[in-house]
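The form predicted on its own is given below as one chain in structure tokens.
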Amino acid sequence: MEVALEGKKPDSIIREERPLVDKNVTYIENSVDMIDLNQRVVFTADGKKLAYDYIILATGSVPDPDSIAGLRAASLNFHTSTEDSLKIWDALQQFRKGHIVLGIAGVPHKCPPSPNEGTFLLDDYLRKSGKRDDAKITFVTPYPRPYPAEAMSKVVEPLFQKRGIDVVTFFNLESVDPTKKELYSLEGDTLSYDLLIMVPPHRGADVIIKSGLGDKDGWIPTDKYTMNVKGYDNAYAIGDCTDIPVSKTGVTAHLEAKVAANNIISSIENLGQTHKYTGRINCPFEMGSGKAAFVVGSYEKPVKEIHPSRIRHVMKRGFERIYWRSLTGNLDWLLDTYFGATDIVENSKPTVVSSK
């Protein structure tokens, strides 16, 4: 996002994976060709077979612009790679005037706030560069409101109106004509553009589809509490690859990973504990003008209305600084303090009372 709309250098947000892994962990850098949960074997692309006792699947999601005719050729996007994000920044440097359409080409997709964030940051850029008066911005979405969750949409909609950003709802993209520069919806509507930035629909990873572990779109059927792959006590799925009803975000994956890891430890050490994820989400939400909010909710508590502020923007940018350190687990105490209870423990092993 910041690469595409603020000109941030890609190197500043990328890290090599090996140094992030604990030295006591055997790290294998290879592609996985097939996963057999029944035989408990992972097959790598170079023909190796890795047997396991427990497995955690974190295969993510895949942007799928080719699922909509004309989308790949016509649209720029900031969800596929840093290279594609740079193309947006380069296009904005060349842009002088016209109609910019930014929105959601299909669902689900990574990071629900990102299309709205991109729109706010686009407006910021055009204002700072003196191009806003000659630019029309339209946000398009298949949802009935600017943001999927009604509580946060009540925050987004008036800010869009204040900034002069048009919104087209119930626009389910069917195809794009790159030559005519037109979008066509399933509802029969047509929308023209000069510059198109769309978040493509996503699907599950190829290896999940090839291994027959997902549904028709490649999402892994997962117990939303224990993170078990349904039907397998020793297999877990976390992050974007699951079919559970929460946001596909990094924070969510981190919290789910703790639950899966704790359940594996409980099984190995026969602790008789079942760890359950509460569905807690806490998505940073950039709203431009140096302000940000957070999308906060859980299985039991719907997303609540949170307005942007400068302190929340500082919190968002501050977390970016500690993100890589948080992957080691050394900062989980800090995350636990902030998030509260996200891993509920149920004890099934009877307590032994000594008679002594």
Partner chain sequence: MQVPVAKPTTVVDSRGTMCPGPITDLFRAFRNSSIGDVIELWATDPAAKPDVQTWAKRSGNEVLAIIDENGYTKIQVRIVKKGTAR
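None of the values given here were measured: they were computed from a predicted structure. Numbering follows the first chain given and starts at 1.
Separately, the form predicted together with the partner chain exists; it is not shown, and the next lines address it.
Enquirer: In the predicted complex, does each residue in the set 68, 143 and 217 place a non-hydrogen atom within 4.5 angstroms of the partner chain?
Expert: The answer is yes: all three residues contact the partner (heavy atom, 4.5 Å cut-off).
Enquirer: Just one of 294, 299, 43, 54 has a heavy atom within 4.5 angstroms of the partner chain in the predicted complex, so which one?
Expert: So the residue touching the partner chain in the predicted complex, by this definition, is 299.
Enquirer: Can you pick the one in 173, 102, 237, 152 that has a heavy atom within 4.5 Å of the partner chain in the predicted complex?
Expert: Selected residue: 173.
Enquirer: Can you tell me which of 209 to 217, 192 to 200, 87 to 95, 129 to 137 lies within 4.5 Å of the partner chain in the predicted complex, counting heavy atoms only?
Expert: Residues of 209 to 217 come within 4.5 Å of the partner.
Enquirer: Heavy atoms within 4.5 Å of the partner chain in the predicted complex: does residue 161 have any?
Expert: Heavy-atom contact with the partner chain at 4.5 Å: absent for residue 161.
Enquirer: Even though the partner chain is not shown here, does residue 148 get within 4.5 Å of it in the predicted complex, heavy atoms only?
Expert: Contact check for residue 148: yes, within 4.5 Å of the partner chain in the predicted complex.
Enquirer: So, in the predicted complex, is residue 264 in contact with the partner chain at a 4.5 angstroms heavy atom limit?
Expert: No, no contact at 4.5 Å.
Enquirer: Is it the case that residue 187, even though its partner is missing from this view, gets within 4.5 Å of the partner chain in the predicted complex, heavy atoms only?
Expert: Residue-level check for residue 187: yes, a contact with the partner chain.
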